[in-house]
Structure formats: C-alpha cells, structure tokens
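Below you'll find only one chain, the form predicted alone, shown as structure tokens.
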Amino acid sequence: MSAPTRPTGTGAYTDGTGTFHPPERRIVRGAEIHGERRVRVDACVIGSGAGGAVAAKELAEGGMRVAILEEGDWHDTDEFTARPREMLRLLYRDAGQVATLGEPPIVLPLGRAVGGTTLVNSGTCFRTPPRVLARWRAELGLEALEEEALEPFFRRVERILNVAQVPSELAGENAHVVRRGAERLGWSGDFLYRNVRGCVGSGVCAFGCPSGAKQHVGITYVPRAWAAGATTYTGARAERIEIEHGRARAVTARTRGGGTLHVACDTVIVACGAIHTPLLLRRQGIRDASGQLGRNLAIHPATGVRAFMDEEVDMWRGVPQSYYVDEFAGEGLMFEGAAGPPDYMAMSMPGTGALHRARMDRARQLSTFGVMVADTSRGAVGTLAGAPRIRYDLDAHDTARFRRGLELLTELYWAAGAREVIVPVRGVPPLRDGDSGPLRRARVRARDLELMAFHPLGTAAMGADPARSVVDPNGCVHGVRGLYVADAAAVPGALGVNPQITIMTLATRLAFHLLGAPAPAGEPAPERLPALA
C-alpha cells in the first residue's frame, strides 16, 4: 500500500493551522542555577539547532529521557520586532559579526538561541543532491546513504516542517525581476520550497519571523521533545564530556547563573554546529586518527549583485529568498534571493556620503540577488586567546567561479531590464546600459571580493575510514562509544544547496539508529519537490 501524498502547493504554504503546541514548556533557565545541579537522563543533547533539536525529539518520542543543553535563550515570537539592529543582538552570536580570518575575510552569521540558526535562516529547503550522495558513497564509504534508504527520513523531516513552495503572489517583485531575466535567457529556475505555515511575506526571515510562520526547529521539534518529556536547559554552556574507559558517561555545563549542571547519561550527542562542535570535542582531549577534527571546513561562500530597475521593486515586501536559478548548479553555482528591509539594506549598501544617500533614495527600484559557490576551498577552526578562530582562504578555483557567477548574474539582470548593476568586486565601477565590459576586463582576485557565508560544514566529517574521518557512518566519534555528532560538522563537505534538510535528515537517521528502530514507515510522499538542473 502506497503512502499518502502531502500537499506542497499554495494551500499548504499559506495555511497557518497545524502548529504544534506542547502541554508545557519544559525549560529550565541556566540564569537561575547558581549552585550545583545534577540530573540523570538516557541522552544529553548539546545544542538545539537543526541537528540537536531533531535528535532530541526523536529520542524522547522513542522513550528515552532527554536533556537538551543550549547556550542561548528561548525567545517567544512576540519578541521579534522586525528591526534588524535589535534582532542581530538578540538572536545572533556576536550580533552577527562572526567572521573568518583569511583572504578575503568573510562574515559568517550564526544563530544563538533555542532553534539555533534555523531561527534566523532563510527557510530554504533542498534535499541532499543525488550527485553529492553518490560522491560520499564512492569517496567516503558511506554506502548506506542511498537516496532510497534516506527517502523515509527526508519525508519525515519535510512533513514536520511543512515544506511547501512559495506562491508567486507572495514571492515579491524582487523574485519576479530575476524570474523575468532567467526566462528571457532560457535558464532553469523556480520558486523555492520553505518550511512554513501561514507565511504572509513579512520580509524579515533573517531576523526572527514575527508572524510565527517559519517552522524553525524551536517551534517544531523542540516542543515535540518537551511533550515527550525532554527538558531544555537554556543559558548552559557545555564544558566537559566525561569519558570513562572509552565511553561517554556525563556532561558538565557552566550556567549563566554561575552554577554547574552535571548531566549523567549513557549517550552524548554533540550538536553545537560546525564551528563549536570541534572545539568542544578538542577540549575533551579527543585526537582523531585522521587529524581532520576542526579541519575540512566548507562554508558555501556567497555574494550579492545589486541592480537598479525602472520599476518599483520594494524588495522588503514578500519572501526575501523565494526564487532560485539552478541553470549552473552542475558548475557549483546557485543563484538565490538576497532581499532585506530598508534599514538592513542601508547597512550593506556600498558607498558613503552623498553616493550612499543617492543610492538609498533609489532603494525602491533596487533588486538584489545572491551568488553561492559550492566551495572546494577548505578552512579550519581553532582558538585564539580562548575564542574561536576560523581560518579560511578562498582558492583560485572558487575565485574563478565567483567571477563567472557574477558575470552570469549581471547578464541575467541586463535581460531583466536593469539600468545599472553594482558588482561586489573592488575596483569595478557600476555597470550601465548593458555593458559588462569593466567586469570582464577586470583582474578578479580573492581579496577583491566582498563575501558572506551561511552554511559551515564538515569539521567533524562522517566517513567509514577512521584514518580519513572523525565520526563513523552512524555519527559516532571514532574510538569513543556513546559519543555522537548530529549537526553540520558531521556533513562531509559542500552540498551546493542550503543544508538544513540534510542536517535534519541525518540527525533523524541517527536517532532511529540509537533507538534500534527501523526507518519510519508511512510518511507521506511530497506532492512536488524541486528538481535541480
């Protein structure tokens, strides 16, 4: 008997019903723990983002006693003011100013709250591309990661998140400008699929959804974990994982109230993200045979092209990231929306003084779209004076791909009717009247690019061979029983697409493995999903 079909169209996207509400919020605030507190559970999950929240929910529903440790706080939807300057301080680590050291320096925004970066990401949902899974099987011995084997886990995640396609009428004019250019060039593209219920296109996805429509894990998975008996400890920073005779036995965390939380358990799941997971593991004295712990960092670097149009775009209206162009996905290039509200636009608009003011006076005619590169460059995570230090240098291959991506996106904007295009390359003047010559003639070096990145991966990479990987195909740290990684750090490398569905799917698979349960049966097949070119 075939599984039922889950709708993914306009009705599913705009219907705001069906949000899960737990009977109680099982939250213990670390700010109120001043002395020593000891608890005993079956599993301690460190981190409440895309990996940790998912693993915690599945384990709790499977009958395990679960504690979730989160360094940040729980935030209600009512706290989201839609003002970027306020939300950056509230929801992001270091107010969104985490950056890499290297050529060029790259801003790498990270969430810090219950829900992790899913609280502030674009909500874009892609499955792991088949070509990536094939590469992992061939190169890393991850034979179990077949599309067919992962299908029920993908479906489960997509059902809980209500992954559905952005309707044309909510996409915003910024998306329609790019769509027009892509269609005139005959390039492949489509409206994105996102994890939402009842989206109204408020335009501030990256600053906490004020309508509560974005189905981040803080309002999907964590409440379900609470309903199954799990407890979240906020303001609790894990410092020590106790390992006895090669097995993880407990976690000790420092609380915001100056106290200590000691969690005895038989299973520890580290889900602090690709930057902080390797640092926590290193503090335990773990030295993997591969030497890859903290290395192999992929970040999916990105940049944006700005174009001034004749018509009013008002790109703060509608879904900021609602359309994509995948014509060149096989080359590692993806074009996705990069819109934002006016005050955020003002912070990022190039130019100063009168030039900046003149450009902001034309803000209603501005369109912006992003270029993302599936990087071959690799970085490393360490510490400097006790703080995280991220080293990453863009290699020549990725630099060349950025140049190509910028040239292609400029061509798209000319096709869409742009009057002026601003490319983020030092020394290249604004392009006008369909002339890309200054960009084509420019010598583009890594240090000339203005980049951001959003998807750090790979610093505790999964693989079958301990000599080449940090965790095994089930996410267990090689050589340490009961210690697992369930976050972006375990993802072996660049995906070329937004990674949250991959992270959540692997975390679901890990939880079912720990429960000794078969893959979930009866999960509904999506009505439609994107098919990358």
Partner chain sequence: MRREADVFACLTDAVVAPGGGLPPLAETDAVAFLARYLAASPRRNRAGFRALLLALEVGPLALGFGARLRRLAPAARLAYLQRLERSPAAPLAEMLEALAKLSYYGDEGVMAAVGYDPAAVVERGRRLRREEGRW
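Numbering follows the first chain given and starts at 1. All values reported here derive from a predicted model rather than from experimental measurement.
Although it is not shown, the form predicted together with its partner chain is what the next lines describe.
Out of 209 to 217, 390 to 398, 230 to 238, 263 to 271, where are the residues with a heavy atom within 4.5 Å of its partner chain in the predicted bound form?
Single hit among the candidates: 209 to 217.
With the partner left out here, check for me: in the predicted bound form, does some heavy atom of T10 sit within 4.5 Å of its partner chain?
Looking in the predicted bound form, residue contacts with its partner chain do not include T10, since no heavy atom lies within 4.5 Å.
Would you classify D343 as touching its partner chain in the predicted bound form, given a 4.5 Å non-hydrogen atom cut-off?
Contact check for D343: yes, within 4.5 Å of its partner chain in the predicted bound form.
Determine whether any heavy atom of F512 comes within 4.5 Å of a heavy atom of its partner chain in the predicted bound form, and answer yes or no.
No, F512 stays farther than 4.5 Å from its partner chain in the predicted bound form.
Test of understanding: in the predicted bound form, would G351 fall inside 4.5 Å of its partner chain by heavy atoms?
Judged by the heavy-atom cut-off of 4.5 Å, G351 is in contact with its partner chain in the predicted bound form.
Taking its partner chain in the predicted bound form, would H21, W74 and R85 all count as contacting it (heavy atom within 4.5 Å)?
Yes, because H21, W74 and R85 each have a heavy atom that approaches its partner chain to within 4.5 Å in the predicted bound form.
Tell me, out of R364, R256, R378, R404, which residue has a non-hydrogen atom within 4.5 angstroms of its partner chain in the predicted bound form.
Result of the distance check: R364.
Which residue, I160, V204, A338, A418, is the contact with its partner chain in the predicted bound form, using a 4.5 Å heavy atom cutoff?
Spelling it out, the residue with a heavy atom inside the cut-off is V204.
Heavy atom within 4.5 Å of its partner chain in the predicted bound form: which residues of 81 to 110 qualify?
Those in contact are T81, A82, R83, R85, E86, L88, R89, D94, A95, Q97, P105.
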